[in-house]
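As structure tokens, one chain now follows by itself in the form predicted on its own.
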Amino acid sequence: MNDLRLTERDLDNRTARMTARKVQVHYGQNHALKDVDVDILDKTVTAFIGPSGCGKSTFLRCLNRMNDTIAACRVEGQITLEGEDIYDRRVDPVQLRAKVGMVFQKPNPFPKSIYDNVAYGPRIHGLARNRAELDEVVEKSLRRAALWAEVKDRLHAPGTGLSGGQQQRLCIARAVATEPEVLLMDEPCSALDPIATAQVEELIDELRENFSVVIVTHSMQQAARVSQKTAFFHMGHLVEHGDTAQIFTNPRDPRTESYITGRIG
């Protein structure tokens, strides 16, 4: 799935959509993340890997301020999107989440029709001026999520009536409908069977032509298949971040090597 034509130089020349510097996360007294520095590159899939509880999902949620919803959570440091500090008081988290979309571990379609699931974001953000434009956005988003052919004749059927893999692709269509700059995916295949997983992985590879994608995964094989950059987290630290091939074949830190070879995790 990795594009072998993307050389190290190509990746190095890509601009950073998002940057994180010295990011710390505290849940009450628990210091969950320590000094995380990472760049999320344009039109690149970045995988976050590491053992359970290492901080990868916590950091992912920092990127669109999902941690704002947790009262005891405190985020320090700086995270920017296109140079703008996303934690600046003037930034509206709802608007931010239109630019930094999110797909969760379990498919969570709204209890609405397939059409209304996809149209929801463009409607609330005023991205379509009339029904014809909204129809266009819905079709384009479902095509991007490789779901249009399967649902085009039942757009007004409930989204919850789809199979698990189709529901997850519907959630991806919903996330891309607002034309985000970055798409976050938290274990998007963990509730899916192998066939649906393969479909979503293929889709991730296609989505990076238009978006920066960040995926949290427990599966190292998945990270190796779909990503160009990989970040390894361990016990709240970002241990190592670099080209996926280098992380998996020639890790610089012994903790990374121990995790990849199965000695820790």
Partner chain sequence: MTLPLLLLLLVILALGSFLAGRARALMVAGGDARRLHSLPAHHGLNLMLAFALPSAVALAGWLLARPAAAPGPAAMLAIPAIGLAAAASLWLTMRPESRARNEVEAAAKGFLILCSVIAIATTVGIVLSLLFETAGFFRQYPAAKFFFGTVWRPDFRGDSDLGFLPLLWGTIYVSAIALAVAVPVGLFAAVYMSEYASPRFRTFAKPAIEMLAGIPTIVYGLFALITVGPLLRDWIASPLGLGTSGASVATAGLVMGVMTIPFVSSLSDDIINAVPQSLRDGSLGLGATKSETIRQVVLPAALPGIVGAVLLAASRAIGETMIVVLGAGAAAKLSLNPFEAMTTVTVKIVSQLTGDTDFSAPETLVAFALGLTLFALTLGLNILALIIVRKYREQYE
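Everything quoted here is computed from the prediction, not taken from an experiment. Numbering follows the first chain given and starts at 1.
As for the form predicted together with the partner chain, it is not shown, yet the points below apply to it.
Enquirer: Kindly indicate whether Arg97, Gly101 and Asn108 are, all three, within 4.5 angstroms of the partner chain in the model of the complex, using heavy atoms.
Expert: Each of the three qualifies.
Enquirer: So in the model of the complex, does Ala132 come within 4.5 Å of the partner chain, heavy atom to heavy atom?
Expert: The answer is no: Ala132 has no heavy atom within 4.5 Å of the partner chain.
Enquirer: Can any non-hydrogen atom of Lys140 be found within 4.5 angstroms of the partner chain in the model of the complex?
Expert: Close contact is absent here: in the model of the complex, Lys140 is far from the partner chain, nothing within 4.5 Å, heavy atoms only.
Enquirer: Heavy atoms within 4.5 Å of the partner chain in the model of the complex: does Met66 have any?
Expert: Yes, Met66 sits close enough to the partner chain in the model of the complex that at least one of its heavy atoms falls within 4.5 Å.
Enquirer: Answer with yes or no whether Gln166 is in contact with the partner chain in the model of the complex, where contact means some heavy atom within 4.5 Å.
Expert: Because no heavy atom of Gln166 falls inside 4.5 Å of the partner chain in the model of the complex, the answer is no.
Enquirer: Looking at 144-152, 72-80, 191-199, 168-176, which stretch has residues with any non-hydrogen atom within 4.5 Å of the partner chain in the model of the complex?
Expert: Selected stretch: 168-176.
Enquirer: Counting any non-hydrogen atom inside 4.5 Å, which residue from Arg208, Lys229, His234, Arg61 sits next to the partner chain in the model of the complex?
Expert: The option sitting close enough to the partner is Arg61.
Enquirer: Looking at the partner chain in the model of the complex, which residues in 128-160 have at least one heavy atom within 4.5 Å of it?
Expert: Those in contact are Pro158, Thr160.
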